[in-house]
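Consider the single chain below, provided in structure tokens and representing the form predicted on its own.
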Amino acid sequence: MPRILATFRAVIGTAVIASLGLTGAAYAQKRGGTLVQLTSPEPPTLASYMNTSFAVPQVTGKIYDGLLEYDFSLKPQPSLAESFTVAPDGKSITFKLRHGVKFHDGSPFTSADVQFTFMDVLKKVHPRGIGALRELEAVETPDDYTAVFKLSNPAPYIVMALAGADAPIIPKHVFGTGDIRNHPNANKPIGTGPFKLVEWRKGEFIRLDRNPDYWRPGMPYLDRVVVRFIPDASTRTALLEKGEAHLAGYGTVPFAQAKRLAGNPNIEVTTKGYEMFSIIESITFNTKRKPFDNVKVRQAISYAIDRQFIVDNVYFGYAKAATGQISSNFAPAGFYTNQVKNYAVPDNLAIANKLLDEAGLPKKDNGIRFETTLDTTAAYGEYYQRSAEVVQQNLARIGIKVNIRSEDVATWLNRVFTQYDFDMTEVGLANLADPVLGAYRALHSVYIKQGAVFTNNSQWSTPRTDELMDAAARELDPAKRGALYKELQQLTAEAAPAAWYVETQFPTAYSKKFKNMITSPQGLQGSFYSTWLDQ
């Protein structure tokens, strides 16, 4: 992706000062109004520093700021850091912090908060921090407004992971005492963002009010953001059509109804705002359980899944067939290849049946080879349940009886990522702005860590694939990086720790009365400081 390459070239190698001008310059905005956002499922927590479930930052992204934010070309923009400098050897990054910023409780933001956030919180408990920050050895604070990241090796991808939604800066004086994993302020977030938490009525809504002391002068424009949780998809769509709700995305708008909403003159439907996500949906296998410890079984299932049927009939075209854990959005950067084992072949079922026979799993008199369970959670959208049903039907054709077990988010997360108590499960992982940030957590052995959600729950790894990812993370030459990723994709497609089936292209629907709604590649996870109501 040239945009990423351009960014990397701008920050790697020689000392380069990223002179970052303030974004969101004022124009014809109006003050006031309440935005009603629909989010499904309800976030299980507001501790975005340790939970990456995509419903969480749809709320906390408006409460917490990060050091940086990003434009649609994925170029870093200022936020709590006004600029950054990368050392010539790539082993330190110096951030100059904004003066005069206050947390919601009135306390000043300083470099001590940056040091605490990264070293004591994100590096230890953030699911992606385990890998993304592993080269971060220390954060030095020579003064209140300078933070210096000291790295054990060059890690150019770090500057692509510093937005408030992913790396929220939290106050040391609040979170610095007590157990961060069970902190009493986990659901009482105190950030520096444009909106402050006022009330969370479980099962109904979260109310965020305007932060009158926000550091961007005159912003935010809205008085309030109310995030509502409506279980029924048809009701959510009806609320949007009636104008009683104004915004929904991430599958909260059913794919089947998105095209109809696009015909409503009062509603805009867009697929923008997901450029930093590139979500890959997969069936991941518990490779520590029989028969999924056998690569032939995993390959057979990969052959049997009809990806294009899912694209056409579950996602209604808002997706494309996937080939692996790295998104095709990285093709322009040279990080993606489709030259991998192809499971979408005409004789796929014959191959799948042959593999299962070779695995010692012949069909019995009733036509069934073995029975298994596919875990899912429909809370993220009905497309999860429907995809599971398609996979159930697909696998029945090769003699595998699949029982679908659908649970609430908290139970499913605990079963899949803490207890590892599953055979197969649906998992959607964002690729984010770099493979190091998004894809590694599904494939690298350092991410086999019970309790870390949305990580390597298949528990699969090899020394060679770990070696390839480690080398690519430190490689500054994009071409050499691309070659490493090509081999990685070929090896993982062959090993099939997961059956990757689609790259999701979510639709977001919003009322045209609201302006500046989707202003960044993080879309609904953005802070909405420049959103305004034209009333």
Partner chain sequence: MQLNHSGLRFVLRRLLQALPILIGIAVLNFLLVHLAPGDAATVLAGESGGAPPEYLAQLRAQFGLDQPMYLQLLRYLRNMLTLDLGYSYRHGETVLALILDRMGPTLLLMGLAFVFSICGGVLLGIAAATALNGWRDRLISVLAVVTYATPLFWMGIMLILVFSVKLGWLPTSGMEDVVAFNTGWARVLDIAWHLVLPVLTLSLFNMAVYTRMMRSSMLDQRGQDYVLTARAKGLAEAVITRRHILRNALLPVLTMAGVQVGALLGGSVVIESVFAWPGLGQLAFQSLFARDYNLLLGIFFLSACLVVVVNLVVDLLYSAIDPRMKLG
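Given the structure is predicted, the values throughout are model-derived calculations rather than measurements. Positions refer to the first chain, counted from 1.
This next part talks about the form predicted together with its partner chain, which is not shown.
- Heavy atoms within 4.5 Å of its partner chain in the model of the complex are found in one stretch of 301 to 309, 447 to 455, 82 to 90, 106 to 114, which is 447 to 455.
- Put simply, N366 is far from its partner chain in the model of the complex: not one heavy atom of it is within 4.5 Å.
- The closest heavy atom approach of G218 to its partner chain in the model of the complex falls outside 4.5 Å.
- Put simply, L491 is far from its partner chain in the model of the complex: not one heavy atom of it is within 4.5 Å.
- Shown alone here, P231 lies within 4.5 Å of its partner chain in the model of the complex, counting heavy atoms only.
- The candidate spot formed by E69, T373 and R474 lies out of contact with its partner chain in the model of the complex, as no residue has a heavy atom within 4.5 Å of it.
- Screening F54, Y510, F506, Y485 for any heavy atom within 4.5 Å of its partner chain in the model of the complex leaves a single hit, F54.
- F205 is the sole member of Y145, F205, Y318, Y384 with a non-hydrogen atom within 4.5 Å of its partner chain in the model of the complex.
- Contacts of stretch 158 to 195 with its partner chain in the model of the complex, defined by any heavy atom lying within 4.5 Å, are made by R181, N182, N187, listed in sequence order.
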